[in-house]
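Next up: just one chain, as structure tokens, the form predicted on its own.
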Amino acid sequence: MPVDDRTLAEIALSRAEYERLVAMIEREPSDVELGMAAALWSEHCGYKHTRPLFRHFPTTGPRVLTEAGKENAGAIDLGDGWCAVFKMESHNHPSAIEPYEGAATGVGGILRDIFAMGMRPIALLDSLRFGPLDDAHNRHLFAGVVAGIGGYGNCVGVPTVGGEVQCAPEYSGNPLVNAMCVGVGRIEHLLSATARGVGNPLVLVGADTGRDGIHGATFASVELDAASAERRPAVQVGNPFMEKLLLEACVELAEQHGDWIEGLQDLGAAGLTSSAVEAAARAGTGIDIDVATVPRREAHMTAYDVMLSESQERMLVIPKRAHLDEVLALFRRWELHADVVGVVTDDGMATVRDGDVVVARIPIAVLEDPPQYELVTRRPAGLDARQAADLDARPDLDPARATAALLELLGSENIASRRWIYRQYDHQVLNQTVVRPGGDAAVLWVQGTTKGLAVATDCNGRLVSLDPRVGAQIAVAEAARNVVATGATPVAVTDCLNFGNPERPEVAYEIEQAVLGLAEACRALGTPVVSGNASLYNETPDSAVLPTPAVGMLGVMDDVARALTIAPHEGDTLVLLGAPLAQPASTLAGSEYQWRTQGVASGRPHIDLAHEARVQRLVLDAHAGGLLAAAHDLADGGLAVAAAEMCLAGDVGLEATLTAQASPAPSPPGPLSPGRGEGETERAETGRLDAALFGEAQSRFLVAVREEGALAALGALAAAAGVECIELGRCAGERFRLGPVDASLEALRAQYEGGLERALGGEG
């Protein structure tokens, strides 16, 4: 008989979707079939509102080894037979309910995506969002998430090397917890998540199955509300020590005995249902599973429970029948349970038995065909007014307040040092971390080669809220600049699309425009999207989160020994690349300075992608020519914050004015630092002081140059590229002087390194 509306609400399936399912199978579904369909048709698994947009992404390129969306992660050719695989996933809703376990199991899930492809994970990153830290609940979520990430990654022995954190009121109660993982290995060891070979067994490996995580996929596909805390059983509990055994066993299988198996798949959202069905769908086969053979850790579990459990640390292996015994022996040698739970069939059906009773028999084509919804979009009310705000109408910064303004920004929760976070992470385990957390991007050594990988995550939700298309472009560009600042060439992107309820036209508008912006920037910078995730319905009864299309960027360098950091040395000259010192008030749009001084985000962000590509190419060419001693991109807080971060990293002061000018590119710039002439003033040279110091104009780098000859060569390169190149001053002493800003390094450090601890108070 038809199910009631309460049952459908529990599994996040609409009445229309249920009727579609009935029409497709021409009968009422069994309970198990209904649960399987609801899970695989959920937003979390089925991408009902976003999949049609993915066609906009560039997904191919000379380095791309996998088809986007067809494997657990994207693979990139590093040359000489080596490859890197990487992906970003979300665990937002679980982390809102149980921050430690939600974040920890998010890390476990993204790790399994990587070693399911036969690659060894070498780096974890995270992209986190929370409400303001003056709220006790937000502090609780913050501390719990950070502890969960560190607790799991440290125990598994994979370094957490980077990431980013931002706070805004719109994330209160609905934190965003995105985890990214990078793995490396030989191309010939790449595995596929396919259930090929009729008659081959399905082997479930790892933890016993419990009731934790049932309806996790559907829980992640609805808005959070006052009753969400009652759904605590939907949050999984992780065991990182078992994950470590799984990791080592799977990597050994791939590297030494890859010919024993046809496929390897992790159990994530929707558990055994999604892993088995997706593996069969990729191969065009069917599956026959007997849940009675699945080891359980709880009594009285039903077939429904077993098929939809999201218990952690489990993998599905499809060995060749002739090598079944060897595969079982390998996993058992690693002290892991390994049990045959089914077989690959040729009928295209998902058949589930409980002993002698068939409890589900449904076409895989049905389960893999979720409804697709065309977004109904409407430009958000009030967006035009926010964009049209007259930023010039605000009074400029009083030069006497410039030092205090910088100190306040350095201590703010969105700019202050993340040392409190990353000191909880073992970022050096595996001994492959060359550039550690605290700079623009982490750099990892690919053992057995001279190659390095630079990795970073980025997105500024405030900018995306002001202009979803341009803000998304900026997210890609900023992530690429982070990688370029280490001397690596950006090669590919993974993303995690974090938005509110797509059924609301205003949110749908943000999603559509952001995807278009991501695609445009990836094309302009030559970084195809090779993997990703969409996390929608990130809302509480009060509001949706800021639109946050987080970008994970991978860069490659041939000689990891030449990786750049952000730290200059005594005597280095700091040079601004990409834009003049004088900036209009429009560069304060959505900036941290605007938010801290006005409590609003208004104006319209801007980026020229062609110019962005030229500036990035200039930095890479300059580094290839041996001209650069350090590099740092300009982002949150603008020029003053970037310069202060460099000086703090190098433990060296700065003597610089805001009067240096260069001839407009591409004309030869001549002397890069003419100095201040008689009667000149700071304000006359810089336009608005607040924009010059704290504006967040795009496509800018600060680079440190050691030799006078290198300075001239850099100027010539910049002129040829049509890029502004302006000498700021020299790194020396123990004071930081930039125009009217004058502070000791000690004062800057106290604000910067203590800001997050002060915001968190007693949490942690």
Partner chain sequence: MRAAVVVFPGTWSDRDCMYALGRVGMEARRVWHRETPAFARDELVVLPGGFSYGDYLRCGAIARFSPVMQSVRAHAEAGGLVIGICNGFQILCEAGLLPGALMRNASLQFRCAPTLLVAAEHASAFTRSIAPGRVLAVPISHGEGNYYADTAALDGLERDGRVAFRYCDAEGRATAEANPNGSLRNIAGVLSAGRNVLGMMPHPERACDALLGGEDGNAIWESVLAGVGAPA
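Keep in mind that what you see is a predicted model, and the values were worked out from it rather than measured. Numbering follows the first chain given and starts at 1.
The discussion below concerns the form predicted together with the partner chain, not included here.
Across the options 194-202, 423-431, 172-180, 584-592, residues that bring heavy atoms within 4.5 Å of the partner chain in the predicted bound form belong to 423-431.
Listed residues T377, T659, N154, Q598 were compared with the partner chain in the predicted bound form; N154 is the one with a heavy atom within 4.5 Å.
Think of it this way: in the predicted bound form, the partner chain has a heavy atom of just one of D259, E335, D325, E188 within 4.5 Å, and the residue is E335.
Taking the partner from elsewhere, A561 is found to have a heavy atom lying within 4.5 Å of the partner chain in the predicted bound form. The partner chain is not drawn, but in the predicted bound form it has no heavy atom within 4.5 Å of A649. Heavy atoms of P240 reach within 4.5 Å of the partner chain in the predicted bound form, making it an interface residue. Of the heavy atoms in R120, some are within 4.5 Å of the partner chain in the predicted bound form.
Against the partner chain in the predicted bound form, the set T489, L717 and R730 makes no contact: no member has a heavy atom within 4.5 Å. Residues of 443-460 lying near the partner chain in the predicted bound form, listed in sequence order, are W445, Q447, the criterion being any heavy atom within 4.5 Å.
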